[in-house]
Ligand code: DC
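A lone chain, given as structure tokens: the form predicted alone.
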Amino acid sequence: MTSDNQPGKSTDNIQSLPDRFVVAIDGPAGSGKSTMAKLLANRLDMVNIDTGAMYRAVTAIMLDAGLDPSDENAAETATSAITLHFEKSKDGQKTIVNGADFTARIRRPDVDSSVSVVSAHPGVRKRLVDIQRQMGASGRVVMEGRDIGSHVFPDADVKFYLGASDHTRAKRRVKDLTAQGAAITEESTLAGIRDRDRLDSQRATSPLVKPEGAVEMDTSDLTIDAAMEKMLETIFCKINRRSGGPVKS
């Protein structure tokens, strides 16, 4: 996804949002959901909760401790002991795990290749879903992941499901990882994405699906600005229907 211009904030739009409002954004890796969640939260002065980062944090903790990601008991123990929160900074949002900044650590290739295994453990999902629901219980929240609209917040005020072609998603991941100093090929990244898609969609607990009532968006050839416009239009149409008055994005 590319951007022509950075969308500006509208205080009128922000004031029109209800005190409690949940936007759920689901989709596979590289679909653009993290990018759009961050920008949307910033545009509407909402809290951005990156649930994928939470599963990545557990995975990173396990790998750093030399634990096998497929060890369900070890994964559940690591999850039960973890403390994490998201912290705003001048460089963007940070993921703080057990008091340390894990923002860069959780995006490394070793975490990429193991996070689907860790996130498939029922005990891990239950613990993190409880935390996610607590985070979104009040206030204005943009939450993105793979089971937000289908499981974590099935009653979300607005749901989106973002998708893109396999090759487009692989190119995006290579660009992101290369910028972080990782040496990785598009071929290996593509294979990893397809493997993760399979694991995420076939897992027994809360598989990746298009949530009922979600607005589906293919971001393969969509600019960030165009995606933002469509999401804002959807959100404010929802508020318009709820309030009975005209609300523009």
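Numbering starts at 1 and runs along the sequence shown. In this text the structure is predicted, and so the values were computed from the model without any measurement.
Heads up, the form predicted together with the named molecule isn't pictured, but that's what we're talking about next.
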- Item | 4.5 Å heavy atom contact, S116 and the named molecule in the model of the complex | yes
- With heavy atoms only and a cut-off of 4.5 Å, decide whether I148 touches the named molecule in the model of the complex. yes
- Query: Hey, in the model of the complex, does G213 get a heavy atom within 4.5 angstroms of the named molecule?
  - Reply: no
- Is R203 close enough to touch the named molecule in the model of the complex, meaning at least one heavy atom pair within 4.5 Å? yes
- Find the only residue in K159, R105, R169, R125 having a heavy atom within 4.5 Å of the named molecule in the model of the complex. R125
- Item | Listed range touching the named molecule, judged in the model of the complex by heavy atoms within 4.5 Å, from 63-71, 182-190, 214-222, 195-203 | 195-203
- Which residues within 160-194 place at least one heavy atom within 4.5 Å of the named molecule in the model of the complex? none
